[in-house]
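Coming up are structure 1 and structure 2: the same protein chain in two forms, each one given alone as structure tokens.
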Structure 1
Amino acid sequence: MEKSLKELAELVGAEVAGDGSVLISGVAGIEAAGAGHISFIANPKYLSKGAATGASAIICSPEVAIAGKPLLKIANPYLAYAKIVSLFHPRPQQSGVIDERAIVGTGVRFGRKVTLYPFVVIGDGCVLEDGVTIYPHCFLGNNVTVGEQTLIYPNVTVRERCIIGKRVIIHPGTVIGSDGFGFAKDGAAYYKIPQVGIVQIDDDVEIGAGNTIDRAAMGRTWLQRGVKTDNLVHIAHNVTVGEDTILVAQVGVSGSTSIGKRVTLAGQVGVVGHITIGDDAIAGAKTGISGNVPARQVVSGYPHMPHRDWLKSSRTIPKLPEMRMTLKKLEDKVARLESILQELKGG
């Protein structure tokens, strides 16, 4: 496929600076790009690379100028780049066929153009809406619902009764609806509490590879519209994750915690159970969230504190041995001063 720069500009709502007739056939990184490629500069410090690139055109902010290079200028160049990548790399067409080596239970309802790859197992009473694609070695328990255009990669397990929305993407090896970690003490041993709730995943959620999202003890574990999780994220039973919230890799969220909308938890963050994290809160990498976090607060450290305080404290930590020595010396000096003064007063 080839598009003129002018066509691309119209597609994403950008302005052309320079020759709009230049033909673009693909997208590439600023260093790898060659003739026919469009590339992308987000960070002004890479402007020099923009001059040197072999790309035929560059997506950039309105204030950028690069002599002799056709530019596609727009306020959000990253978003324009994403849309142009999508144009040149559309999601592969699926067959719309239910492979005869897939296994489908009784009473399953199919929309149009559902693609089931070989060795998929679909339990009784499932509903698979239009355009659903399920890759090999996935297992859906009984009475699972999957919304239209949802894509489930290989080796995914979705247990019984879970509800998955429209346009959801689930990456390989992920587990949805495993039992929550619930036991009642019975002397020294533990008695398993049946986990009879579900997981509900709303529209436009994307779940990374190797996630584990437990079903509720009762009720639901709930990922709301637009949530994105990175790889190896753990979400315990009865957690709610609000709309457009981002959970970066290896985050773990304990049971019954409620996370607001547009929250970002960076990599390896851990969250204690039964708390509330407000809308638009942000937690830095490795934060241990040990209590409620108000809306819009930025936190770090363990136990978590305002990010600004954490930055200051953590700059102090390497100075601790020196501080301790200074303190020791001061104690001695003050003791000496006290005794001299005692002498003076006495004298």
Structure 2
Amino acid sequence: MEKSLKELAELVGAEVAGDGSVLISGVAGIEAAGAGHISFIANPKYLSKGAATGASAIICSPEVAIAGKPLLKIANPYLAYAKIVSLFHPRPQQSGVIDERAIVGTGVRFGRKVTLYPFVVIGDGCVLEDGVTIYPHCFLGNNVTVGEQTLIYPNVTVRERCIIGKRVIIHPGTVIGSDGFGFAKDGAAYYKIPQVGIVQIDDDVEIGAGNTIDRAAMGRTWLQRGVKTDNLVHIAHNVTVGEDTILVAQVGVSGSTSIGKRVTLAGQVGVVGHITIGDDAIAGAKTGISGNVPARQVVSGYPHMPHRDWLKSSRTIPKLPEMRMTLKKLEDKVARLESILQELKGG
């Protein structure tokens, strides 16, 4: 496939600076790009590499000027890059065939062009809408619903009665609908509390590899439209994650927590249960969220605090040994002065 720079500009809503007739046949990084490639610069620190790249054109922000290179100028270069990559690397067309080695229960309803790879197991009463693709060794429990154009990669488990929306992508090894961690104390032992709710995944959600999303004790654990989770994320029972929220790798969210819309939880953030995180809040990497976070607040550290306060605290930590020595010296001086004062009083 070849597209002119002008055609790509029309696709993403960008402005061409330079020769719009340049033909583009692929996308590559700024250092690896060669003739026929378009590359991109979204971070100013890579500007110096723009003039040296072998790329035939560069996607960049409107203020960038690179002599001798046709440019595709747009306010959000990274988004334009994503759209152009999607053009040159579309999702593979699926066969629309249910492999004879798949195991399908009774009363299953299929839409058009559903693809089931070998060794998929579909429980009784499931609904798979148009264009669903399920890769090998996946298991869907009884009465699971999967919305149209959803893609489920290998070794995914979706347990009974859970609901998966449209255009959802679930990466390998994820478990949806495992029992929530619920036990009642019974003397020295624990009595298991039946987890009778479901998980509901709304449209356009993408779930990373190795996620574990627990079913609700009652009601639902709910990932709303557009949520994106990285690999190795754990979401406990009865959690709600609001629209367009991002959960980065190794985030753990305890039960019955409500996370608002457009929230960002960076890598290894831990969240206690039964709290609320407001819309547009941001938590820096490894933050331990121990209570409610207001909307639009940026927090870091453990226990969490406003990010600016955490920066001040973190700058102090390396100085603590020196401060401790200084404090010890001051304590010794005060003790000597008190001793002298006592001697003077006694005299």
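Treat the numbers as computed from the prediction; the structure is a model and nothing was measured. In this text, the rigid core denotes the largest set of C-alpha atoms whose superposition between the two forms falls within 1.5 Å. Residue numbering: sequential along structure 1, first residue numbered 1.
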**OP:** Only one of these is the form predicted in complex with a further copy of the same chain, so let me know which.
**Re:** 1
**OP:** Spell out whether the Cα of residue 337 moves at least 2 Å between the two structures when the two forms are superposed on their rigid core.
**Re:** yes
Original post:
Following alignment on the rigid core, what Cα displacement (Å) is computed for residue 328 between the two structures?
Top reply: 2.8
